[in-house]
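This document opens with one chain alone, in structure tokens, the form predicted on its own.
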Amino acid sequence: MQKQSGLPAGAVTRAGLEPDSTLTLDRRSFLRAALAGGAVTSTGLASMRSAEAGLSFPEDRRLFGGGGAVSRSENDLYDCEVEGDIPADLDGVFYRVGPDPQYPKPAQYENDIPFDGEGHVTMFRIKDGHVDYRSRYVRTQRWKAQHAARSSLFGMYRNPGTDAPSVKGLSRGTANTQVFYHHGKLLALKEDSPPVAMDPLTLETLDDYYTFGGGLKGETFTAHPKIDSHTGELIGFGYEAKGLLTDDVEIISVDPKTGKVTWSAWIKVPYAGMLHDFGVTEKHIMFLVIPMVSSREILARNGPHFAWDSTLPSWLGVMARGGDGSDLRWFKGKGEMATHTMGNWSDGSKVYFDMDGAPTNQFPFFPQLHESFDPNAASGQIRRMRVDLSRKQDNFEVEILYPEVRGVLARQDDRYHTVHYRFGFLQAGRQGWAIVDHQTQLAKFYNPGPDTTLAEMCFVPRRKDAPEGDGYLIGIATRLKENSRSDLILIDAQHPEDGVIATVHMPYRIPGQVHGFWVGGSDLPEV
């Protein structure tokens, strides 16, 4: 056991920081599996064309925006074509966001990662059996500066030393990872910066540096906040919150009506690195620190923000909600990777934390410090971590759930973020969408068949007060043989074997997606 006042000795020690020379693996295969359905499939950054030559993205799919992966088109489509029957009482909006490069970058940054594109939000408004579509770029400080300059001004992923001098002091945030609805605002999120607030009906950007009325003091905010299942309050955090490469984490709670911060605490983590998602229960908050470390040396060589250091352990931190963080305990585990929370809960002194993950690095676009990327080992599975706070244990236990199910982007019914849950969802690659039932310990699948890939799904309750898991899965299907045209599909979450209930046919490929979020119509502001 480690107290917050005594972080693990030697936790920040790392071996030499030489990037892996084999970083030319098939990144497209990885991204197609993780971000299918119109998501970015490129892996580098193109050379900037001269002003005389005009704007041009590369044809090479291995380059950032290559092969037509860029959209850049903001659209409205009123009354989309629908095949099948959308349930008459289904009322709400399916929001999604992903990186959509605004401009190609200079040749010296051609090894940048695909997640550095500007955030492009799309929405499907569903009501009375009709569907309206809208897409808008998030008007971040970065987007506005590049729009005015008509060129790329920001260099490598989360590496401010590579930016043009003219943008010094501006937020580098792209708002391209997740969208969340709370206290009447749509929040576009990227973990290296505060949220961007948008109008949930028009997608107009309202505030390009939103700090919850000044309550967020740190420089960052997670892309994966949680909503308390009882109170509706939003719980979030920011890592590297006091600046680049710092080991400081800020945790806040936000009132569902006023949007004001009602509680905050600061803690430190064993080492600076990626802290993508976290867990919140009725009583506890959990952080999994993985050896995807931040490296000053790689940043100095104009590299990306992270590298995988297999010599470091993982650390699971558990603290009480509502306190000052002084009770935080760190439990040691193998140096494994886990990125997205499926669900978590507290049971007396026992805490359970389910995430998708793998025993090694799952992001081939980040350098490896000691070995080559292993795509087989990187295959994701559902991992349950547990600790008993009443015991004097030093380590946390990990159990692999559903060994036959492999995938990424774990989700749950969003009404159950902080309580014991039954159903989880996973984008399971060639298996399609997976639905796991922790009560029966069985998994079901929806598979779209050949020539179609699926983006991350989102669960939609059949009614606002429907039991857990009683509803639909909604998400984007990409038709590979139709120039990657997009369809929005809806299936019954309890009977995925019955196939698609309704399909919203889009006449083109819509912008790519990392994550999506469903908001019921009764929760939206009145027109």
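Start at 1 with the first residue shown and count on from there. On a predicted model such as this, the values are computed, not experimentally measured, just so you know.
Quick note: we don't show the form predicted together with a small molecule, though the next part is all about it.
- Sort through E191, D208, E250, D247 and report the residue having a heavy atom within 4.5 Å of the small molecule in the predicted bound form. Looking at the other structure, the residue within range turns out to be E191.
- Heavy atom within 4.5 Å of the small molecule in the predicted bound form - the one residue of F396, W330, F115, Y181 that qualifies: It is F115 that has a heavy atom within 4.5 Å of the partner.
- Query: How about T177: is it within 4.5 Å of the small molecule in the predicted bound form, going by heavy atoms?
  - Reply: Answer yes; at least one heavy atom of T177 falls within 4.5 Å of the small molecule in the predicted bound form.
- Using a 4.5 Å heavy atom cut-off, state whether S135 contacts the small molecule in the predicted bound form. No, S135 sits far enough from the small molecule in the predicted bound form that none of its heavy atoms falls within 4.5 Å.
- Task: Indicate whether the small molecule has at least one heavy atom within 4.5 Å of a heavy atom of Y416 in the predicted bound form.
- Result: No.
- I86: heavy atom within 4.5 Å of the small molecule in the predicted bound form? I86: no, not in contact with the small molecule in the predicted bound form.
- Task: Choose from 165 to 173, 376 to 384, 333 to 341, 196 to 204 the stretch whose residues reach within 4.5 Å of the small molecule in the predicted bound form, heavy atoms counted.
- Result: Comparing against the small molecule in the predicted bound form, the contact stretch is 333 to 341.
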